[in-house]
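Here are two versions of the same chain, shown separately as structure tokens and labelled structure 1 and structure 2.
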Structure 1
Amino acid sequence: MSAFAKRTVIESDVCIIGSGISAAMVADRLSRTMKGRIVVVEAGDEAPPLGQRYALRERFMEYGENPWPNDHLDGYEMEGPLQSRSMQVGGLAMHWGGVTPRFSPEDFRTRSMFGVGTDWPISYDELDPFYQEAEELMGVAGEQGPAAMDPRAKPFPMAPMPLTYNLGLLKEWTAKAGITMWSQPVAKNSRPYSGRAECCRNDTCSPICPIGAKYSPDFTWSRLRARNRVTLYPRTLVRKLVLHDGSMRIASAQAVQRNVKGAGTPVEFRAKTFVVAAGYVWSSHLLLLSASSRAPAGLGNRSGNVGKYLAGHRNQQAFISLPIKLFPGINGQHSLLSKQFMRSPVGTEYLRHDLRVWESTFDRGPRLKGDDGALMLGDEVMRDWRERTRTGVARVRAYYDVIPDRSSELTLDPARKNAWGDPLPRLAFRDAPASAALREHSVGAIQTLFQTMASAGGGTVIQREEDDARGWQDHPVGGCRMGDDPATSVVDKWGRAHDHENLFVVGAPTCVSASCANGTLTFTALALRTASEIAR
């Protein structure tokens, strides 16, 4: 029976819009710290349960089928570099890589320390306990780097993923280049944890972990739903938020239940507090769609900054041939990490980046043609393959910080609309002038570092790459940036909209910058911090 068969108005204490990883963290914390009713609204379908994932992975391997069926909404193609079309219960983190580094203390003070970008209204120390809480809720296996580079108040919940033989050799190589590296923290179990299995380290987690060793938000939703702590409404698209008559508080979320035949049943969600947890695209999009006579530019948009300052980072990557015998094939997705370059030296041109190293089989697979282009067959193929694998290959990559411009933005596209006539978003990422001016320097400096690393190991850089497809920036954030000044930001340091006292935005949209590291752990820590304020 449909959840709406007997009513079309649903009331709660807290209404969370979106069911991704940030929403899951908010719901988890609120379920532990308040007694009110929590409702979660998700536009996408349910995710397949854990028991089906082994078979789904098999069909992916055999037939190339999507192991996440119905994980997006048809008709939602848009202009601009969208990171993912994923829209289902659990969101994009249903098929994330599980990589969970923290931002560095410098990320929150780039203007004060380096004279570029914008300082956050919170510090690393303020976020530290919520980083810890997120790591414990998800189950993060990690190794702390040197305290000066990688500070934390408490240990990781689990010991790090063991370094493979290959990564052990590569760590010795990077040490010769004067680089301190350690095991990348990941939301994968290095031992049985929270009712989930230990990671087998056999690279089956992409694109779907068949045993549940990698955290995904559906585990949180399953637990909360089983305990009747949340009511989750899938296939329900929130089209706009509506203000109370006579005040700037949010009264309701107007939604439509997506029916199988494509029609929709109107649904109204009323709550004391609304939490928008729909990611860097759909959070800003909903606020802009919610324009009214009292908020003509959209909700939360008195500053005109909803959808502005979209941020991300780019990467430089290289493959380095080394005179080391490697044996690829065990946990090849795991990497070494260094934060050694995440603090820009005083008096130099601004450049901050992380550094990661993996084993690689690049240019080391079997082939049918030799270097001279001549065809090889039979034993000749094997002799060539054995000879070329006498040396190993490392993949090295650096995400470097990109300062966003205000014109790096999400806007409504009048030419593209969904099935209910709502304009879809249009995305454009643009560097701030200071960052654009430094791009050539940034690329050159990182490539020089790669060459230095290669030389330290008696190796050779055999290929360089840059990820910049169609204006792409990775791990995108922004659109509802936080700040103390309502004239220049959308939400305060707790994620509460400056214009609406019962409206909160959580996760990636509130970030002031994207750092130079994967941002998911920071999104979840921010969401938990906001949940603490909602509960208070």
Structure 2
Amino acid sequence: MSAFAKRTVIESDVCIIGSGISAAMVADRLSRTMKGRIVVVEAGDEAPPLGQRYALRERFMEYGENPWPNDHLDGYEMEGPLQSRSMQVGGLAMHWGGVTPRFSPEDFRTRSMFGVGTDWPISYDELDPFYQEAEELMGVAGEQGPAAMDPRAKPFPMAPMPLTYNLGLLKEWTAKAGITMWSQPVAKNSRPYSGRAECCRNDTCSPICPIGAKYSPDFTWSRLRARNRVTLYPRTLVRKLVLHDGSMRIASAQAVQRNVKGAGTPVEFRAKTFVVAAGYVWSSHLLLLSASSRAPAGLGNRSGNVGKYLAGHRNQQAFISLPIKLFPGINGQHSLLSKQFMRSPVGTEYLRHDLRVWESTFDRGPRLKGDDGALMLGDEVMRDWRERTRTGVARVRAYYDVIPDRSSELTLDPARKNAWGDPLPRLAFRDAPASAALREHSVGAIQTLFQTMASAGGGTVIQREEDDARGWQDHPVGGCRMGDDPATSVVDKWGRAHDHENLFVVGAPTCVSASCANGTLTFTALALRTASEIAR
């Protein structure tokens, strides 16, 4: 029976909007630290249960079908680069790769240390305990890197993913180039953890782990729902937050329970505290949609900064052929990591980047035509393939900083509306002028590094790639930037909206910058920190 069959006003102490990984962390911590009623509102459908995921993975492997059927809202094609169309219980982290590096201490102080960007209102040390908590909740398998590059107060909850035979050889190679690398931390089980299985390296972490060895938020929701600690309303889109008559506090979230196409049942969520956990797009979008006569530019937007400072990073990638025999396919999604280049050297042009190395099949797959252009069939194809795989190929990638700019923004698109008549977001990522000026230098320096690496191993760079598809910046953040000054930020250092004392925004949208690494672990650490403030 529908959760709304009996009533259309739902009351709670905390109402969390969105059910992605950041929301899951908030709910988990609140369920342990406060007594009140927690309600979660999610626009998308329930994710298929674990028992169905082997079959869904098969369809994905064979035919490329989406292993999370219908995990989107129809009619949400928008202008600008969207990370993913996925909207379902668990959010994007149902698809994610589970790669969980922390940001580096320097990320929080780029202005003071290097004179670029903006310092965060919190330090790495303040976030460290919440990083730890997130790693323990998700189950992160990681290797402690050299303390100067990779500081942490406590050990990882799980031993690292073992380096495969291939990665072992590649690590020896990078050492010859003077680079220290170690096993990438991942939210995948290197042993049975939290009732979930050990990883069996079948290599489809993104988009789907069939055995639950990779953490995804549905596990947290199942546990909290089984214990009656949260009530989760799927298929329910929040359209607007509404202010109390006499104050700037939020009174309710006006939502629609989606039923048939274009229709829906209106629902009102009333709560003492509202947590917007809708990711880097939908959080600012909802605040902008919530404009009213007392908040004409949208909620939390007296500074005009909602939707601004979208940020991410770019990468340079290369494929390097090496005179070593590799056996691709042992655990292909796993990589080596280095944070050796996260500190920009003093006195040189600003450049910070991480570095990753994977095994690769690039230029080492079976082919139809030989070097002479002749078409091969039968034994010829296999013979040619064997010959070419006597040596291996490494994929190397460096994510480098893009300094955020106010003009990098999410706005409401008057030309595109959803089924309920609300304008869709329009996304435009832009580099800060200082960043744009540094781009050529960054690209050149990273390519030189790749060349040095190739030479150190007696190898050759056989392909170079740059990710800049349609202005995309990867691992996106921003839109509700945190800061101490209400004139230049949307939320304070706890994620509380400067303009509304009972409204919090968590995770990706609050980040000041995007570092040079995947951000989700940082989003979840920030979300836990916000939850600690809500429960205080």
Partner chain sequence: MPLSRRAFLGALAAAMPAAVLIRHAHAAAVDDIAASPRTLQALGEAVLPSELGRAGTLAAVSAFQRWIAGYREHVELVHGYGTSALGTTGPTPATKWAAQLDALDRTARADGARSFAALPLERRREIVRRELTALKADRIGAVGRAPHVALALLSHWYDTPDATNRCYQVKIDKENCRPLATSARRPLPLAQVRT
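The term rigid core refers to the maximal set of C-alpha atoms that superpose within 1.5 Å between the two forms. These numbers come from a predicted model, not from an experiment. Numbers given to residues start at 1 and step along the sequence of structure 1.
Which of the two structures shown, 1 or 2, corresponds to the form predicted alone? Structure 1, not 2.
After fitting the core, residue 205 CA displacement of 2 Å or more between the two structures: Yes; residue 205 is a residue whose C-alpha shifts (by 2 Å or more) between the two structures when the cores are overlaid.
After a rigid core superposition, would you say the CA of residue 61 moves by 2 angstroms or more between the two structures, or not? Yes; that C-alpha moves by at least 2 Å between the two structures.
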